[in-house]
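Before any questions on binding or motion, here is one chain by itself as structure tokens, the form predicted alone.
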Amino acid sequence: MSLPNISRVSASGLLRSSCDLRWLLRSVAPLAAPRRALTHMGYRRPGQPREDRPPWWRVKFDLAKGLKGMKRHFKLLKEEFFAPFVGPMGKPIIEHMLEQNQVLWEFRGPHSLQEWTISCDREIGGKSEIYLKVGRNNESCLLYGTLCSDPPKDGETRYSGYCTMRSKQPLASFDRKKYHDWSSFNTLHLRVRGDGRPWMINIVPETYYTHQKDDMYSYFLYTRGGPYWQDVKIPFSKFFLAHRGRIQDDQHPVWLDKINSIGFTLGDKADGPFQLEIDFIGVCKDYAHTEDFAYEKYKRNPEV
């Protein structure tokens, strides 16, 4: 069996053919590549208009703002450097050892609301609304709005109807992550006034693996309703582990030495207006509470 003869093309012929192909490609319109592959944009829900702006259009270059930010960061760096010489967390050692109560967030004026962020299902096409403002006489925080459990008509979302308020991640100098250290306390203390709806309190600790970034510890907050304030004390041992809203089998206590944020979520499927007023959020040391963890710890290999 003989192989067919393959004709060889000279170098001048190849150069001539490449030039012809170049002129041919100039006359053809370029192919449109998907924008998601080029700019790595986030997921766009069905029916949402496409954003044709480049990803760097939000960046505003301002020299005066940059110098102001550098001054603020170096000031924070100076405070962080000299704080350990005073004591733990910048407090004297005696005060740190004898401290039994600590107020973390006290809502006294509009500046106290800058540490919080709100969101609802309107971001995914829902109809709920949520607002945050300062209460009467600038002595509280008022969270109000309207809850609607109708899912968006996009063909994908099946459930809807949630409103949430969450504290921002504390940052150190040069936007480094900073954590809340509650290891000296065992109880969460709140002073709230609600309308009788049940809320969910979420505590988000620092995780070490990427698949744990959606882990949070949750517990229920039952408001009485009416004009009177209520002091709520919830031990940290009552908080259970959940991942994306699903309670996990492998339960373990929350690590209180590195807490990123705390939040409040409403999703009781009762459509209508809601209201929650918060005076302060703090932690305390309850010596009468000796429970380590309120739930059974899951063991993959039980001891015989």
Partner chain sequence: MAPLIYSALIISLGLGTTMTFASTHWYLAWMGIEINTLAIIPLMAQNHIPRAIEATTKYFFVQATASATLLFAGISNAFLTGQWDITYTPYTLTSTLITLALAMKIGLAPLHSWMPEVMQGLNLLTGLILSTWQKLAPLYLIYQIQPNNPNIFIALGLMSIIVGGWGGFNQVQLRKILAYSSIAHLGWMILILSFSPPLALLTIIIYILMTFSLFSSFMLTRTTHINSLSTTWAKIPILTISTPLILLSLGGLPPLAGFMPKWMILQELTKQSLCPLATMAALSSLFSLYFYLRLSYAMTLTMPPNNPAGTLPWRLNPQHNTLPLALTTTSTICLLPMTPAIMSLMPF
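Source: prediction; values computed, not measured. Only the largest set of C-alpha atoms that superpose within 1.5 Å between the two forms is called the rigid core. Numbering follows the first chain given and starts at 1.
If you look for the form predicted in complex with the partner chain, you will not find it shown, but the lines that follow are about it.
Shown without its partner, this chain lists E156, D214, D181, D150 as candidates; in the model of the complex, only D181 has a non-hydrogen atom within 4.5 angstroms of the partner chain. Note on the interface: of 164 to 172, 205 to 213, 119 to 127, 67 to 75, the segment with non-hydrogen atoms within 4.5 angstroms of the partner chain in the model of the complex is 205 to 213. The partner chain is not shown here, and in the model of the complex it never comes within 4.5 Å of any heavy atom of R176.
Looking at H243, you'd find every heavy atom of it more than 4.5 angstroms from the partner chain in the model of the complex. Taking the partner from elsewhere, H111 is found to have every heavy atom lying beyond 4.5 Å of the partner chain in the model of the complex. Although the partner is absent from this view, E51 stays clear of the partner chain in the model of the complex, with no non-hydrogen atom inside 4.5 angstroms.
Along 239 to 265, these residues reach a heavy atom to within 4.5 Å of the partner chain in the model of the complex: D250, H252, W255, D257, K258. Here T210 counts as shifted, since its C-alpha moves by at least 2 Å between this form and the one not shown after the core is aligned. Shown here is a form in which the CA atoms of V59 and T210 lie at least 3 Å closer together than they do in the model of the complex.
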